[in-house]
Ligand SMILES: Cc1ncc(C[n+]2csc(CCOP(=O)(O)OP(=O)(O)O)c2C)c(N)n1
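Next up: just one chain, as structure tokens, the form predicted on its own.
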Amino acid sequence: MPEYAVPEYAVVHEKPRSFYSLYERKPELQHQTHYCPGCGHGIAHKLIARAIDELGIQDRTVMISPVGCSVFAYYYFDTGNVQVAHGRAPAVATAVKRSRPESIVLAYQGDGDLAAIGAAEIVHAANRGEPFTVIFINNGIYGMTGGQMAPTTLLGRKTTTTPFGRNAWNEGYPLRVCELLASLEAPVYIERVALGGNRQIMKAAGAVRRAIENQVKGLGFSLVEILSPCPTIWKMNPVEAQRLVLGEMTEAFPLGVFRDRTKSATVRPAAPPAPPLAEIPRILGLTEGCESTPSQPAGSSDWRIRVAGFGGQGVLMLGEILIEAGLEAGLDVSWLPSYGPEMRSGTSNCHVRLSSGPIDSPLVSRPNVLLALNEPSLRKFLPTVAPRGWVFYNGTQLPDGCERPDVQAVVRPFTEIADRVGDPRAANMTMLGALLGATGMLTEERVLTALRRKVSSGRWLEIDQRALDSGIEAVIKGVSHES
């Protein structure tokens, strides 16, 4: 019998290692992306991931993804990921690259994001020559939000905001980003490619790799604009959308290299090291005439407080009273509100800092005090409370699953207590009284001074004062619910 040699096989095409093995965006479809059939984002993702693999930079790469169809890039790229506000990718990419110059920073932006709300961001980042890479997906429409006109929408195209077609005299001409940025001195590499067919996709792959490789080499700003189909919002099938890219899109946005200084560009010099923190007052000229020892309250404290509840429960007011009283006590304070779209019945919370020293950030991600006026807020924020912290809950007992033996919990029906002294809406003040009685972080006199400053109604000032006293009394008389 003839002998057959076993052929040796080599893998020439496989899923990039820079992708997660499973995509958890949709639990039922973890083998594929959530993008629409024919969308260019999936192709662009693969080109980027393949370049990351080929350059061996997966462990150094940070993807910056703003609002838009690309907002869920962190579900796909097994790299560092930062989500940012609409249009702010260049600003955040600048911060990441300057603070971590060894990282490879990729800003992935759509046309509505980069060329509209983020236009100033991208122009100034390019003008500074920030040494990161921008992948700019141009499909000429706001895809994620339903099809409004974008700065790159073609003339005559109908959108939800241009139902009669884009008119140059009314909406202006499509914005050509590559041409605009190529007029600046600092950019090193700018190219426009397209995803209108296999040949164009292969050329796009080379441009993406080159733009990323420039950053690996330490060169300056690079941007690749990718003309991409959007079949769903264009109301076309994938084949028709690809033909539009090949035809109208490339006519309006000519393909090609608009800036290439990769051969002549020099490596960007490293930023000088930051001065020691202790030297900053001297550098800024703040030492002359200052006391050698800052005047601060006796003792040292750093209260990181999260106040949470429904809109209308006085959550933000409670936080304001705390910082006003803190100022009266000579503390450094900060107050940062956060609430949903509905003021009444919507969720509401605020971050409060009271400190005997300088405050580094107003954000309270690890509170040592939680004031939860309802159960949803307790369940949401209880896991974040630092061990040995305080938890104040508006109820008769902790709900199932909310016990934590490593924190001090004060559970009281603050709404009922407030109702007995005049009005259930003063529950926030009864809880504040309990906070004062249990922790002693502020004196009642300081809080009353703050109340008089914030509350103009004599009736409500009287109710709030009674509620405050009742909250203090509820704790002093016994804390049977403490753990």
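Source: prediction; values computed, not measured. A residue's number is simply how far along the shown sequence it sits, counting from 1.
One more form of this protein, predicted together with the named molecule, exists but is not displayed; see below.
*Establish, in the predicted complex, whether A126, E130 and A182 all lie within 4.5 Å of the named molecule, using non-hydrogen atoms for the distance.*
No residue of the spot touches the named molecule in the predicted complex.
*Single option in R100, R379, K217, H86 placed near the named molecule in the predicted complex, where near means a heavy atom within 4.5 Å*: Comparing distances to the named molecule in the predicted complex, the residue within 4.5 Å is H86.
*Consider the chain as shown here, without its partner, and state which of I117, L316, L175, V92 has a heavy atom within 4.5 Å of the named molecule in the predicted complex.*
Only one listed residue qualifies here, and that residue is I117.
*Could you tell me which stretch in 47-55, 438-446, 453-461, 60-68 has residues with non-hydrogen atoms within 4.5 Å of the named molecule in the predicted complex?*
Of the stretches listed, the one contacting the partner is 60-68.
*Using the partner position in the predicted complex, report whether Y142 sits within 4.5 Å of the named molecule, counting heavy atoms only.*
It does: once the named molecule is placed as it appears in the predicted complex, Y142 has a heavy atom within 4.5 Å of it.
_So in the predicted complex, is the named molecule close enough to D111 to count as touching (4.5 Å, heavy atoms)?_
So D111 counts as contacting the named molecule.
_Partner contacts for 391-429, taking the named molecule in the predicted complex and a 4.5 Å heavy atom cut-off_ = Contacting residues: none.
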